[in-house]
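Here are two versions of the same chain, shown separately as structure tokens and labelled structure 1 and structure 2.
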Structure 1
Amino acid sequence: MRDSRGSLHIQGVEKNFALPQGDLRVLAGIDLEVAAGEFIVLVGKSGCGKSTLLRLIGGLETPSRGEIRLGDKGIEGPGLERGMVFQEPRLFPWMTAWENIAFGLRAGTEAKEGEATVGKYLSLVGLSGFEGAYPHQISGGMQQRAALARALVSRPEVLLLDEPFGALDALTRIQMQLEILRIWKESKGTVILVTHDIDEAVFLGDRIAVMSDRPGTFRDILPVKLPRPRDRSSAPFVKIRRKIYNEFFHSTRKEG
């Protein structure tokens, strides 16, 4: 049974950015209920507002209208109950892997507990033995593992992933997809992933929210009722992937 923490309630969310030439409407009428422990994937074209929605959930931006709640509490800013990983690892170059991960610990964590926690997550992301390595001494995939561990050490209820595998080569990307599934199962937390990769979305998600062009809203929300591990070449997998491709293909033809 999954932990009861981590449910998200997004109601009537809109987001506008003030520009010299007038307001730019990025999101319009976003409604989404996310169950605790669910893996949600947001897909859409560049500029549709996927990352903006993730930043709103993370508390890095404020909705122009509407409400986002984590459990019964409204989100009013960043918090350690929401961990975030970006496309770039964003590690501190002067810190070792251990120090970078420890930076994510909650304030007031006792030294002994902190040491045990950092060690646990170093092991969880497969970086045991690289504790003393600096970012420039490890691969891009390993740097992203360290960034993931840093987001996890505070034991967040929700993990927000903004195209975290976008800069990786194809084989490392597949390996990281498998790793994130393993970590998700162990942590029993809620995950929201932004990606352009439809294959990745079908491989990872419990549900896939397909976003329209700006101003972004949900064109469709598709359940992925396939057993894990998922076979990317199976007929059911290909059927869901084709359905999402068709969403974009038909919208492009209609706009053209």
Structure 2
Amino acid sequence: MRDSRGSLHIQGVEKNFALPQGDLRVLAGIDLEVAAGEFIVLVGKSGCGKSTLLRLIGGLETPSRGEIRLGDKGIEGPGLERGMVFQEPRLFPWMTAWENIAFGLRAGTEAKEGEATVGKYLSLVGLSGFEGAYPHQISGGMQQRAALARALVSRPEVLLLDEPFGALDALTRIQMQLEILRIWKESKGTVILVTHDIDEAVFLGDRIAVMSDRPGTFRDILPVKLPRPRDRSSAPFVKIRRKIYNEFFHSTRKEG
């Protein structure tokens, strides 16, 4: 399905939140054209509006100005064609890992087919053997991986990932990055991923959108034209890394 489906058009998007002390402008003048099947990474400092932008694309918020279209359809509320992994796992504590993942299945999925799909993604995210565990019985990283599987079972055209590997250790993180790339290639879907990790951004993205502080705008959108799998220690990789690094250190001295 590599046509206009899965392409995203973000034009002049602005987002204000009404607060008691007045409007808070979180995003301003966001323009982005995402081709179907593209892997976009958003990087930016805490509070710059990355999650807000994902929620706008996900249809959980509406833009104060501008518009977002998926293919040729304007976005009106959430939909299964846009899978979402939130910054927190948001697993239901009353369901086992298996049940949580199965909750992501489309209504009307045949039982047998659903079972096979859930099983497939459960092992894909490395949770085999934990299907019967409740969220409080597995680690934060495992919860995040279960949440990823829940978003994948309905095979969305666009996958919105809000720091999905934030709770993972460095090693599992690298492993999950490889998994995500594999899933992305196989599904030919569009991915928009938020991260704090510059290394991760360069490793994964076709393009990296660097966001400025509030109100969030795209300070720069860098293409990463390196073949995959990328070598993290290669000269071009390090060069792009340094470039992004410098983006942050130019206007602000300190980075958390």
Partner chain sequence: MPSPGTNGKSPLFYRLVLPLLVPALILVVWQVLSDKGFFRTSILPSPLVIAQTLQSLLASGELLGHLRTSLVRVFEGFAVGAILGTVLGTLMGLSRFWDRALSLVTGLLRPIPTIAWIPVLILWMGIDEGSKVTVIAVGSFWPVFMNVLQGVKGTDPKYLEVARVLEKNRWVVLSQVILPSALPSLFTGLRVGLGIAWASVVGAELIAASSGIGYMIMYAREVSQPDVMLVGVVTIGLTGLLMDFLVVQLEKRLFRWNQAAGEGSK
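For clarity, a rigid core is taken as the largest C-alpha set superposing within 1.5 Å between two forms. Counting starts at 1 and follows the sequence of structure 1. This is a predicted model, so every value here is computed, not measured.
Chemist: Can you tell which of the two structures I gave is the form predicted on its own?
Modeler: Structure 1.
Chemist: Compare the position of the CA of residue 177 between structures 1 and 2 after a rigid core fit and state whether the shift reaches 2 Å.
Modeler: Where the cores coincide, residue 177 shows only a C-alpha shift between structures 1 and 2 that is less than 2 Å.
Chemist: So, superposing on the core, is the move of residue 132 at the CA at least 2 angstroms between structures 1 and 2?
Modeler: It does shift by 2 Å or more.
Chemist: Through how many degrees does the small rigid part swing between structures 1 and 2?
Modeler: Domain rotation angle comes out at 13 degrees.
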